[in-house]
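One chain is shown next in structure tokens, namely the form predicted alone.
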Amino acid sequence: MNGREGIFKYFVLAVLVVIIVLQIASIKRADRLNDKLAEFIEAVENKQFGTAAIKQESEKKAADLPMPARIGDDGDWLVWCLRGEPHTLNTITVASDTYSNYVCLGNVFERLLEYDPDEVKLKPWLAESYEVSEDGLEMVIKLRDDIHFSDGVSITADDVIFTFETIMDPNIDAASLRNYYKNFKQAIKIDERTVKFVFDEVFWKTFEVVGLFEVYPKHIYDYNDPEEFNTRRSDPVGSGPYVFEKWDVAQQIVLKRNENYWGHKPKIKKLVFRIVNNDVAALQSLQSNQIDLLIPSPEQYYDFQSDEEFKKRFHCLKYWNPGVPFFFIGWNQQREFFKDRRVRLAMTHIVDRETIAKLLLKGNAEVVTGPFYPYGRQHNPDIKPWPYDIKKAKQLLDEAGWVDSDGDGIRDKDGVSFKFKFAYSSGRPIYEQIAKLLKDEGEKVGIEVQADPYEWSVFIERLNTRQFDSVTLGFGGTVESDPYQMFHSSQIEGRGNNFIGFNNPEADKLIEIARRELDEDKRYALYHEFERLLHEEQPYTFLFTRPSFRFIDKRFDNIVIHKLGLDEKEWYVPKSKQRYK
């Protein structure tokens, strides 16, 4: 003890000598230095040197973080059920899909800006701030100074520019994403943490597009040959709260918590994405505790929402949000059958959408007339769905020249029989039911429809390479969507998302004008006109939209339904209920 006291006295004496020297050099600072000395001696004697400063700095940092502090106990896993296996975990390439996003977005990769889930407004995330010029042709993004990738390397302007330039590289397989950046002129590095984006023309979605691309680490993803990037499917590295652990093909993808995360870490230590293609098997996995979160089919939700025993174990959630998908049948207009608008309209008339919504989906769906969120301002409420009308369908087919000229019961034209394949992702009862319905209704008007199911990753690749006659699918929405990606003729080639080949100059013009219109009322009026044109042309038969459904194990707490849906990073499991260690 005496030794420690001697060291302490010697240390204080040394400090005093230094202070005396400083006082001689600058008498004016004497009072302040004496104050500092008193604070120093008090801190040492109380064994609290630095504690207050560290606490204050920690509290300041926590207050500055974009995400809220996470409540609840640490530990446990969240085991998702994926209904299909992602083709890739590279979210920039066209091969990415809904399942890629479930795994990566917000977990592995993060964006410059994010939508506040309740205010539905963009707010800084990796960015500290952003400024837009008065003419809307420049946007300056300033990065936070405390952000870094999971390997500890700081995120800089070089990473932002690398990501942008990768998307814009025509040799990168990113056509569906690149279309959003057509008005971008260049990205300029101002300093290590500041980037200026310059645009050729105004685009109402520009600020969202700048903010909502995932920042990739240049030191990990930089490439000499674009194919290196295009073919990188696994081992994603980003700045998010989780890091990639493994991908057991056809079984599961595992992420573990990023203990080096720059922000508030979530409480759940692992995210496990189990791949279960079959609806029945998925529900059985939930009930046997092999998974924790299931996105049920509308039929499953209807069957179990009133099952009291089931509800004792699982949250049964149903909610609307702008991200709900719209489902459709797409008619490949590169095929002879579907080039004529009258044929496409006839196909819509043989699809009994009310029956699909009310009976097949147990009333948990609404018929839609276009690609916009039915409760948003983009949607044109004056458009009414085309009715189920077999007689009208026959009349339209006759007018288009598709008649049964040889008496075999199948319509034909110029020697081509009206027989086509209907492609869909296998293992989904609703798609199988729609396929059967389309086959039965087709027979009534002299058309032969063949079911053509594929495993998800194969299905997506056939879609991208246009190897289908017709297809059914669902596309997720956004707060306000830009139809350019799906409907502009420029997106037909290069594996763009206009995979049905819709080419209409009037539609192109409306999309282009709307993109440049910043006045919301005028822009919505243009989109109403565009939706009416789609209604007349019927490049798709728009089927239905439905609310989001979730079955979630009740050991998870703090599950909040926001205006934009759920945020699984808010959840936790009390220690007493934790299942995995």
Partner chain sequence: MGKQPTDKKNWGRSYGEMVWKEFAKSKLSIASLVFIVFLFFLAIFAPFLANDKPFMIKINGQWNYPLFRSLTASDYAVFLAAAFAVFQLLLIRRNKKYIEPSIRGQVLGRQVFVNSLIVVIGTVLFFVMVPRRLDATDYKEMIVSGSAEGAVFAPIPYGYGRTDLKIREQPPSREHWLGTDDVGSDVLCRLIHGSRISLSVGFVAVGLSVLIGVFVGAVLGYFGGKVDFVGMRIVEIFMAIPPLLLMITVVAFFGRGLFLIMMVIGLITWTSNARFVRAEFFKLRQQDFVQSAVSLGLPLRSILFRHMLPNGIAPVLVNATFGIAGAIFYEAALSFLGFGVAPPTPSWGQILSLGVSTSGRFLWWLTLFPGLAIFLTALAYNLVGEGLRDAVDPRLRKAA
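This structure is a prediction, so every number in the text was calculated from the model and none was measured. Numbering follows the first chain given and starts at 1. Rigid core here is just the name for the largest C-alpha set that superposes within 1.5 Å across the two forms.
Just so it is clear, the following notes concern the form predicted together with its partner chain, a form of the same protein that is not shown.
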### Message
Even though the partner isn't displayed, in the predicted complex is S426 close enough to its partner chain, meaning a heavy atom within 4.5 Å?
### Response
yes
### G407 within 4.5 Å of its partner chain in the predicted complex, heavy atoms
yes
### Query
So in the predicted complex, does any heavy atom of L359 sit within 4.5 Å of its partner chain?
yes
### Query
Hey, in the predicted complex, does K391 get a heavy atom within 4.5 angstroms of its partner chain?
no
### Query
Quick one: of Q300, T163, T91, N332, which gets a non-hydrogen atom within 4.5 angstroms of its partner chain in the predicted complex?
Q300
### Task
Would you kindly say which of V202, V198, L437, L105 lies with a heavy atom within 4.5 Å of its partner chain in the predicted complex?
L437
### Query
With the partner absent here, would D116, L122 and T206 each sit within 4.5 Å of its partner chain in the predicted complex, counting heavy atoms only?
no
### Task
From the candidate stretches 311 to 319, 372 to 380, 176 to 184, 442 to 450, select the single one in contact with its partner chain in the predicted complex, where contact means a heavy atom within 4.5 Å.
442 to 450
## Note on the structure
Residues in 279 to 294 that come within 4.5 Å of its partner chain in the predicted complex by at least one heavy atom, in order, are D279, V280, L283
### Query
Hey, does A250 budge by 2 Å or more at the Cα between the shown form and the other one once the core is superposed?
no
### Message
With a threshold of 2 Å on the C-alpha, tell me if Y319 counts as moved between the shown form and the other one once the core is superposed.
### Response
no
